[in-house]
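What follows is one chain in structure tokens, specifically the form predicted alone.
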């Protein structure tokens, strides 16, 4: 039967009002500046946190709100995980090659314990390097924290109004399938270039940075007019 003969479903006026209200709320949410939006529950191991709740860092101001917290995509941990597993299996494989049979049993046991301590130290440090190497975007600035080991880290930051250009790159089979890549940020600050390496959803990160920069410029214009 032709569509002209099919009656449209009846919608009550109350339902229409609710639908209109819901659409308006969603529209307002998109137009609301990031600093005024509500924070969301955050998994501390998540590689992509948007408006995370309860996130803090050393140099954060009291009124500064965290918009994004980023880590490298979890798939990038696959390399060191495989190496750690192979290192763990190495003593079992060496049973077929009597390399250490000339040592007394006590020395062999100590060597085995020392080997597994080395494997644990390698895996633990690799995990910490992933967990603590983060990129943070707030409503005032961007912070790049490079964690190299337990005794050395490097922290760089710049204000949002210093951002000149934001681009992102996605390459490789895994990067395309799992949607992760690099976000490159050109600035007019002391550090001319920031790189968010191998982060999830790089296009979304670039979009948020552009919007934050626009909001910062709009606030400056409004401040001058006042």
Partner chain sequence: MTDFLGASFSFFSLLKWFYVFAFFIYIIFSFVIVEQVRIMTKTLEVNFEAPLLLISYAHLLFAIGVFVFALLVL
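Numbering follows the first chain given and starts at 1. These numbers were taken from a predicted model, which means no experiment stands behind them.
This next part talks about the form predicted together with its partner chain, which is not shown.
- In the predicted complex, its partner chain lies farther than 4.5 Å from every heavy atom of residue 92.
- Proximity of residue 199 to its partner chain in the predicted complex falls outside the 4.5 Å heavy atom cutoff.
- Among residues of the shown chain, residue 44 is one whose heavy atoms approach its partner chain to within 4.5 Å in the predicted complex.
- Residue contact with its partner chain in the predicted complex: residue 53 places a heavy atom within 4.5 Å of it.
- Although its partner chain is omitted here, in the predicted complex none of 34, 77 and 84 has a heavy atom within 4.5 Å of it.
- Contacts to its partner chain in the predicted complex (heavy atom within 4.5 Å) from stretch 133-153: 134, 136, 145, 147, 149, 150, 151, 153.
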